[in-house]
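Given next, in structure tokens, is a single chain: the form predicted on its own.
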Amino acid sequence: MRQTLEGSQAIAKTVALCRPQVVAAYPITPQTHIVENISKLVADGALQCELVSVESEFSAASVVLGAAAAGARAYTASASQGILLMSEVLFNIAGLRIPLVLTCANRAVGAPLSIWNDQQDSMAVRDAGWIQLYCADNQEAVDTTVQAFRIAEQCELPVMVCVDGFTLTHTLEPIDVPDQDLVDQYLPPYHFARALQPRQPLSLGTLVAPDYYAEARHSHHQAMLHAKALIAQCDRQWQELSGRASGGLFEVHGASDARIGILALGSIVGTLLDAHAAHVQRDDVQIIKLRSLRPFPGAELAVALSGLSDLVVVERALSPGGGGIVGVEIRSAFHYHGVNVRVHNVAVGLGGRDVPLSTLDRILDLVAHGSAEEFQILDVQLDKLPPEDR
């Protein structure tokens, strides 16, 4: 049913449609509205689940770990410093191969303190072993949430659905919220083959000596790589039922013979597409929406983008002292697969700074002058800095 909803409200309704049995979360801006809406659904009798109020994000992650391990479909959400406080448990959830879903309402990480949007929080835990899917708009957030439960439960890996805080979580737009029958048809009841049961005791999370630790990490890595096919398959199967797809691992917009590509994650993809449609309108430019950061589709991107002369990777986070995060992975994949494309790397919108439509023009100017191959923060105002930091 098409409804005009705030992003957080739409996500909460969708989580309820997935029939979670345990939800645990601790409030943090801009995630709070999601769990507030879930709480109201529980209070109104529209969702039958155990809603656990906890004292911290560390506790929230611990509760859903235990719930999913015991055989219950589980869900949590967080953002920014909350994601960092969860990080120890996030590694445990992934390493134990526990299937559950977390919504990350992306927000900058302090210090300096910021409550506005960028993607530093999810990027900080990109190596925890979770599948990470990034949403370009609230419709994708709804559809990806449904898919995330199926992906997690089929491959026994946790899934983090990344949704730009405020930009998506707090904005209203018309959204097709699926009905219960459609979700039930797509998402089978939760079954965890290694669920902890008193009548059939087994161990989960035991000490692993050096004799087997490398094998455990190899198995986890291979499971993540195998999940690439499942992510694409689940998106296609959802499209068959709902008529909507979110792009699988990534999505390319523009002419197949374009020479310049601009790759980004999250809601900035919509800004770039709007800028291109509104006034740039160049046939030689493609916009690439990277949906899956983990597993990283390096080989697939290398094949799809091998015809470009230049690719600009637009970041909403950075590695201080290193530069771009996604850009480094793109360069590595291209080098490994022998793709001769110049890769440029910029960051914009850090700490929630506005990203205007004119950003696309600035990016294309940098490509034209060959001045974006070294990482740079595109919208930094150097006159605000002391000379030694410029």
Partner chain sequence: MIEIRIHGRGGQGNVVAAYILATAAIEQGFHAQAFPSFGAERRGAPVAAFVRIAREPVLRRSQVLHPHFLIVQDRALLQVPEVTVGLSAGGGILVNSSKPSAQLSALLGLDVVALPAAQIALKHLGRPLPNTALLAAFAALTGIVDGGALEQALRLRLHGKGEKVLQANLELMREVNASVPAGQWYREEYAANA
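Numbering follows the first chain given and starts at 1. Just so it is clear, the structure is predicted and the values come from calculations on it, not from any experiment.
Missing here is the form predicted together with the partner chain; even so, the following discussion is about that form.
Contact with the partner chain in the predicted complex, defined as any heavy atom within 4.5 Å, is confined among 254-262, 186-194, 283-291, 167-175 to 167-175. Shown without its partner, this chain lists 120, 246, 132, 271 as candidates; in the predicted complex, only 271 has a non-hydrogen atom within 4.5 angstroms of the partner chain.
Only one of 216, 115, 225, 241 lies close to the partner chain in the predicted complex, with a heavy atom inside 4.5 Å, and it is 115. Remark: residue 145 does not count among the residues lining the partner chain in the predicted complex, judged by a heavy atom distance of 4.5 Å or less. Using a 4.5 angstroms threshold between heavy atoms, residue 310 stays clear of the partner chain in the predicted complex. Although the partner is absent here, residue 2 lies within 4.5 Å of the partner chain in the predicted complex, judged by heavy atoms. With a 4.5 Å cutoff on heavy atoms, residue 356 counts as touching the partner chain in the predicted complex.
Along 7-22, not one residue places a heavy atom within 4.5 Å of the partner chain in the predicted complex.
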